[in-house]
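Starting off, we have a lone chain in the form predicted alone, written out as C-alpha coordinates.
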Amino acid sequence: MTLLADDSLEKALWALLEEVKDPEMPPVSLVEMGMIHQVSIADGIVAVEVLPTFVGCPALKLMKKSISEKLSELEQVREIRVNFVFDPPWTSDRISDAGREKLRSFGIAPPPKSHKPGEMWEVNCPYCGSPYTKMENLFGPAACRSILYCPKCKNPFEAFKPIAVSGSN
(Lines give C-alpha, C1' and ligand atoms only; values in the text may rest on other atoms or scores of the structure.)
Protein backbone atom coordinates (compact mmCIF):
# COMPACT_ATOMS: atom_id res chain seq x y z
CA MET A 1 0.00 0.00 0.00
CA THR A 2 1.07 3.55 -0.74
CA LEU A 3 0.06 6.54 1.37
CA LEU A 4 -0.24 9.81 -0.57
CA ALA A 5 -0.98 13.43 0.27
CA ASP A 6 -4.56 14.42 -0.56
CA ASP A 7 -3.51 16.73 -3.41
CA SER A 8 -1.79 13.93 -5.28
CA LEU A 9 -4.41 11.26 -4.61
CA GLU A 10 -6.48 12.01 -7.70
CA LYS A 11 -3.36 11.90 -9.87
CA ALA A 12 -2.42 8.59 -8.28
CA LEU A 13 -5.89 7.20 -8.98
CA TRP A 14 -5.66 8.19 -12.66
CA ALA A 15 -2.14 6.74 -12.90
CA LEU A 16 -3.37 3.42 -11.51
CA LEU A 17 -6.35 3.47 -13.89
CA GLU A 18 -3.85 3.86 -16.77
CA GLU A 19 -2.63 0.39 -15.77
CA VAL A 20 -6.09 -1.22 -16.04
CA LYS A 21 -6.20 -2.82 -19.48
CA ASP A 22 -9.19 -3.50 -21.68
CA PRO A 23 -9.72 -7.24 -21.14
CA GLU A 24 -10.41 -7.81 -24.85
CA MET A 25 -7.54 -5.63 -26.12
CA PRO A 26 -4.74 -5.99 -23.52
CA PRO A 27 -2.31 -3.39 -24.94
CA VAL A 28 -4.85 -0.59 -24.42
CA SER A 29 -5.93 0.82 -21.05
CA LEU A 30 -9.48 1.79 -20.15
CA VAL A 31 -8.21 5.40 -19.87
CA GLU A 32 -6.76 5.28 -23.41
CA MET A 33 -10.06 3.83 -24.64
CA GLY A 34 -11.80 6.89 -23.14
CA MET A 35 -13.95 4.65 -20.99
CA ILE A 36 -13.17 6.30 -17.64
CA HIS A 37 -15.61 9.20 -17.45
CA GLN A 38 -15.09 10.52 -13.92
CA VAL A 39 -13.19 9.71 -10.75
CA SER A 40 -13.99 11.24 -7.38
CA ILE A 41 -12.97 10.56 -3.79
CA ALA A 42 -14.56 11.58 -0.50
CA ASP A 43 -13.88 10.13 2.94
CA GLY A 44 -11.87 7.25 1.48
CA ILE A 45 -14.63 6.24 -0.91
CA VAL A 46 -13.59 6.31 -4.56
CA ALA A 47 -16.32 6.53 -7.19
CA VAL A 48 -15.39 5.64 -10.76
CA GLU A 49 -17.80 6.19 -13.63
CA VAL A 50 -17.11 3.97 -16.62
CA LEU A 51 -18.61 4.37 -20.11
CA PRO A 52 -19.00 0.93 -21.74
CA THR A 53 -18.27 0.82 -25.47
CA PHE A 54 -21.68 -0.81 -25.96
CA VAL A 55 -24.64 -1.98 -23.92
CA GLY A 56 -24.28 -5.60 -22.93
CA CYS A 57 -20.49 -5.78 -23.16
CA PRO A 58 -19.59 -9.17 -21.62
CA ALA A 59 -16.38 -7.79 -20.09
CA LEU A 60 -18.04 -5.35 -17.64
CA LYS A 61 -17.66 -7.57 -14.56
CA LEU A 62 -14.02 -8.16 -15.36
CA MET A 63 -13.42 -4.42 -15.82
CA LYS A 64 -15.10 -3.67 -12.49
CA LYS A 65 -12.96 -6.27 -10.70
CA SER A 66 -9.74 -5.02 -12.33
CA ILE A 67 -10.49 -1.39 -11.42
CA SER A 68 -11.31 -2.31 -7.82
CA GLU A 69 -8.19 -4.43 -7.40
CA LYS A 70 -5.91 -1.78 -8.88
CA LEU A 71 -7.30 1.18 -6.89
CA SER A 72 -7.20 -0.78 -3.62
CA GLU A 73 -3.40 -0.47 -3.81
CA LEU A 74 -3.73 3.01 -2.26
CA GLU A 75 -3.92 3.17 1.52
CA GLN A 76 -6.36 6.13 1.54
CA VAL A 77 -8.91 4.09 -0.37
CA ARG A 78 -11.25 2.14 1.89
CA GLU A 79 -14.10 1.55 -0.57
CA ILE A 80 -14.36 1.54 -4.37
CA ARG A 81 -17.59 2.05 -6.24
CA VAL A 82 -17.50 1.34 -9.97
CA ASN A 83 -20.60 2.46 -11.83
CA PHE A 84 -21.28 1.93 -15.52
CA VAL A 85 -23.00 4.95 -17.01
CA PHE A 86 -24.41 5.55 -20.47
CA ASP A 87 -24.79 9.33 -20.40
CA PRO A 88 -22.83 10.70 -22.09
CA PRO A 89 -22.61 7.75 -24.46
CA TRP A 90 -19.16 6.42 -25.28
CA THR A 91 -18.04 7.21 -28.83
CA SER A 92 -14.98 6.01 -30.71
CA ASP A 93 -13.68 9.62 -30.74
CA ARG A 94 -12.89 9.14 -27.05
CA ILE A 95 -10.01 6.78 -27.93
CA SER A 96 -6.73 8.66 -27.40
CA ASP A 97 -4.03 8.90 -30.06
CA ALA A 98 -1.87 6.58 -27.94
CA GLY A 99 -4.78 4.14 -27.72
CA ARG A 100 -5.26 4.24 -31.50
CA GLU A 101 -1.59 3.47 -32.06
CA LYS A 102 -1.69 0.59 -29.57
CA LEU A 103 -4.76 -0.85 -31.31
CA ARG A 104 -2.90 -0.68 -34.64
CA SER A 105 0.20 -2.36 -33.18
CA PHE A 106 -2.07 -5.11 -31.83
CA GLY A 107 -3.42 -5.73 -35.35
CA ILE A 108 -6.72 -3.89 -34.92
CA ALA A 109 -7.47 -0.99 -37.26
CA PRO A 110 -8.60 1.94 -35.11
CA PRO A 111 -11.85 3.71 -35.99
CA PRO A 112 -11.68 6.95 -37.97
CA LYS A 113 -11.80 10.19 -36.01
CA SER A 114 -14.83 12.46 -36.22
CA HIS A 115 -16.92 9.80 -37.95
CA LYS A 116 -20.54 10.78 -38.51
CA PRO A 117 -23.41 8.28 -38.59
CA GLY A 118 -24.12 7.28 -42.20
CA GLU A 119 -20.65 8.20 -43.49
CA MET A 120 -18.69 5.62 -45.43
CA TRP A 121 -16.21 3.81 -43.19
CA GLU A 122 -12.74 3.62 -44.75
CA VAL A 123 -10.34 1.19 -43.11
CA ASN A 124 -6.59 1.06 -43.65
CA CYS A 125 -4.77 -2.20 -43.00
CA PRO A 126 -3.03 -2.06 -39.58
CA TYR A 127 -0.13 -4.15 -40.96
CA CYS A 128 0.79 -2.45 -44.27
CA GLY A 129 -1.34 0.72 -44.23
CA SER A 130 -3.07 -0.11 -47.50
CA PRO A 131 -6.44 1.65 -47.94
CA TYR A 132 -7.58 -1.20 -50.24
CA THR A 133 -9.20 -3.50 -47.73
CA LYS A 134 -12.22 -5.75 -47.97
CA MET A 135 -14.95 -6.36 -45.37
CA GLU A 136 -15.17 -10.09 -44.64
CA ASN A 137 -17.70 -9.91 -41.82
CA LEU A 138 -19.34 -6.93 -40.15
CA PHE A 139 -19.42 -8.91 -36.92
CA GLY A 140 -16.10 -9.80 -35.32
CA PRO A 141 -15.20 -11.49 -32.03
CA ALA A 142 -16.86 -8.61 -30.16
CA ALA A 143 -19.80 -6.41 -31.13
CA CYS A 144 -17.47 -3.41 -31.46
CA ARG A 145 -15.22 -5.02 -34.09
CA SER A 146 -15.45 -6.32 -37.68
CA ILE A 147 -13.24 -8.70 -39.66
CA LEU A 148 -11.54 -7.42 -42.81
CA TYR A 149 -8.95 -8.67 -45.31
CA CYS A 150 -6.07 -6.83 -46.94
CA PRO A 151 -5.41 -8.05 -50.54
CA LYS A 152 -2.06 -6.20 -50.60
CA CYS A 153 -0.34 -7.93 -47.66
CA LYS A 154 -2.81 -10.85 -47.61
CA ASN A 155 -3.56 -10.53 -43.89
CA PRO A 156 -6.95 -10.80 -42.22
CA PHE A 157 -7.43 -8.28 -39.45
CA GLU A 158 -10.00 -6.76 -37.13
CA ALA A 159 -11.22 -3.18 -37.27
CA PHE A 160 -12.79 -1.27 -34.41
CA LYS A 161 -16.15 0.02 -35.60
CA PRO A 162 -16.65 3.78 -35.57
CA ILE A 163 -19.28 4.64 -33.01
CA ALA A 164 -20.68 8.14 -33.17
CA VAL A 165 -23.72 9.80 -31.74
CA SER A 166 -26.07 11.67 -34.02
CA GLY A 167 -25.35 15.35 -33.72
CA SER A 168 -21.79 14.85 -32.40
CA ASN A 169 -18.88 16.30 -34.37
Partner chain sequence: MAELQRIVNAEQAKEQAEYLAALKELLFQMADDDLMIAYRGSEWLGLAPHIEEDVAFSSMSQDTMGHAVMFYTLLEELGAGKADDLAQLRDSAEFRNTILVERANGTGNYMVNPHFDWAYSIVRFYLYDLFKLVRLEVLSQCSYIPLAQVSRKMLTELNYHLMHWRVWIKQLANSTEDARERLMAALEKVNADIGDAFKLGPMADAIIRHGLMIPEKEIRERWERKANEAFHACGINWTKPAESPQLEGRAGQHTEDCVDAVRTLSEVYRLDPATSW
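Positions refer to the first chain, counted from 1. All values reported here derive from a predicted model rather than from experimental measurement.
Keep in mind that the form predicted in complex with the partner chain is not shown, yet the notes after this line are about it.
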query	finding
Partner-proximal stretch of 123-131, 64-72, 140-148, 100-108 relative to the partner chain in the predicted bound form, 4.5 angstroms, heavy atom	140-148
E119 within 4.5 Å of the partner chain in the predicted bound form, heavy atoms	yes
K21, heavy atom within 4.5 angstroms of the partner chain in the predicted bound form	no
Contact flag, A42 vs the partner chain in the predicted bound form, heavy atom cut 4.5 Å	no
4.5 angstroms heavy atom contact with the partner chain in the predicted bound form for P52	yes
Within 4.5 Å of the partner chain in the predicted bound form, all of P58, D87 and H115 (non-hydrogen atom)	yes
Sequence-ordered residues of 145-163 touching the partner chain in the predicted bound form, heavy atom within 4.5 Å	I147, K161, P162, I163
